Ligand SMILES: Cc1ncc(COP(=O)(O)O)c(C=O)c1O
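Heads up, the chain below is alone and in the form predicted alone; it's given as structure tokens.
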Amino acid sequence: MKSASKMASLRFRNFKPCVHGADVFEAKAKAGLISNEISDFSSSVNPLGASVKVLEAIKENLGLISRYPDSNSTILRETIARHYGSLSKENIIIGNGSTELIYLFAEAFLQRGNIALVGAPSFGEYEKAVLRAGKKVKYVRLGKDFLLDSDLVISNMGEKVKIIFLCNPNNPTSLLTKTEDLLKIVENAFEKDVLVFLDEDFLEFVDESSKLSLINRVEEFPNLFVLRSFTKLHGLTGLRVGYGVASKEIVEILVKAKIPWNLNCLGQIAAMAALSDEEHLRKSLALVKEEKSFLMRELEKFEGFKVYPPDANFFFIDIHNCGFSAAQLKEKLLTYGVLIRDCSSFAGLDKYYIRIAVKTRSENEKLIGALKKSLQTKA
């Protein structure tokens, strides 16, 4: 028998997985610490975690694990549609985390010879999803101060371009794109039969996010798909629940293409409970807003840091002048039980950028203390 590597599809033989934050288990082994001794600033999720209502709902429905879940997540889709008011369940598709929907979208809509436009830097799974579908990526570098240049995106919208992947606020820069710029791209893409995949996973952390979202424009623009997640604000990180909002025609195609039973029964229950707990969401947003201000004040004090004012719940920092590379600073901080995101794996960035999540006051103070110790003892 031939080796498995020779039998594998050519495009997977040298396929490299996307690098992510939240590698706590690897960090634990490297630093010789136990998991609860590490404060994870590499993963930008709700510092308060899932709500009590979510945990209670899971406990009350543990008996469901002996049954098959609803393959189409019907009740959850209806719940999300009611949450937005102007949608129906036919506008909603549920994913096993939002990442599944990125891959599903690329697989469903990219055909032979197609190209996908991806911002640089931006979330790495867009590129991986396109490559996994066997298609090509064309990068569009972000403009001055890492802001999206809508005119540059439009000028790169050649006849082979089928999908544009956008992230708002962008990951890893934590910066918003103006609504008028997004709509300019969507409108031009519509005229050229190009689909726009708009990732709004972090938008819920932004003030007046409902006014900034394009979710309620999906029927107006049938080429628009908006991605959302229960991972970030709702804290269902380990349950993997994401959803997309689009025209009924797009959703119908994706429902046909998805695997059956893609979201487990407890994930569906937890997501519905999370949407209903408005008090937990208010408390979480208030905490993030307060702690973001605290961290901004403290991080700006570090000589050699260029801190970009964040729109989302994480900071993007240029550390060219601090004496460390991102990898070196990450390793140094880990000795103090603090894990940050080295951004060198993002297309368009060199080895001198980091990303830091907003967490609770005690954890944020631990971060600042670790940075002070690390930057005073340059290797």
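From a predicted model like this one, the values you see are computed outputs, not experimental measurements. The first residue of the sequence shown is number 1, and the count goes up from there.
In what follows, reference is made to the form predicted together with the ligand, a form of this protein that is not presented.
S.K.: Which one of these stretches, 165-173, 84-92, 183-191, 133-141, sits within 4.5 Å of the ligand in the model of the complex when only heavy atoms are counted?
M.R.: Result of the contact check: 165-173.
S.K.: Counting any non-hydrogen atom inside 4.5 Å, which residue from Val245, Val118, Leu263, Ile102 sits next to the ligand in the model of the complex?
M.R.: Looking at the other structure, the residue within range turns out to be Ile102.
S.K.: So which of Ser98, Ser73, Asn223, Thr177 reaches within 4.5 angstroms of the ligand in the model of the complex, heavy atom to heavy atom?
M.R.: It is Ser98 that has a heavy atom within 4.5 Å of the partner.
S.K.: Under a 4.5 Å heavy atom criterion, is Ser229 part of the interface with the ligand in the model of the complex?
M.R.: Answer yes; at least one heavy atom of Ser229 falls within 4.5 Å of the ligand in the model of the complex.
S.K.: With heavy atoms only and a cut-off of 4.5 Å, decide whether Phe205 touches the ligand in the model of the complex.
M.R.: No, no contact at 4.5 Å.
S.K.: Looking in the model of the complex, any heavy atom of Arg217 within 4.5 Å of the ligand?
M.R.: It does not: once the ligand is placed as it appears in the model of the complex, Arg217 has no heavy atom within 4.5 Å of it.
S.K.: So, Arg240 and the ligand: in the model of the complex, are they within 4.5 Å at any heavy atom pair?
M.R.: Looking in the model of the complex, residue contacts with the ligand include Arg240, since a heavy atom lies within 4.5 Å.
S.K.: For the stretch 323-360, which residues lie within 4.5 Å of the ligand in the model of the complex by non-hydrogen atom distance?
M.R.: Contacting residues: none.
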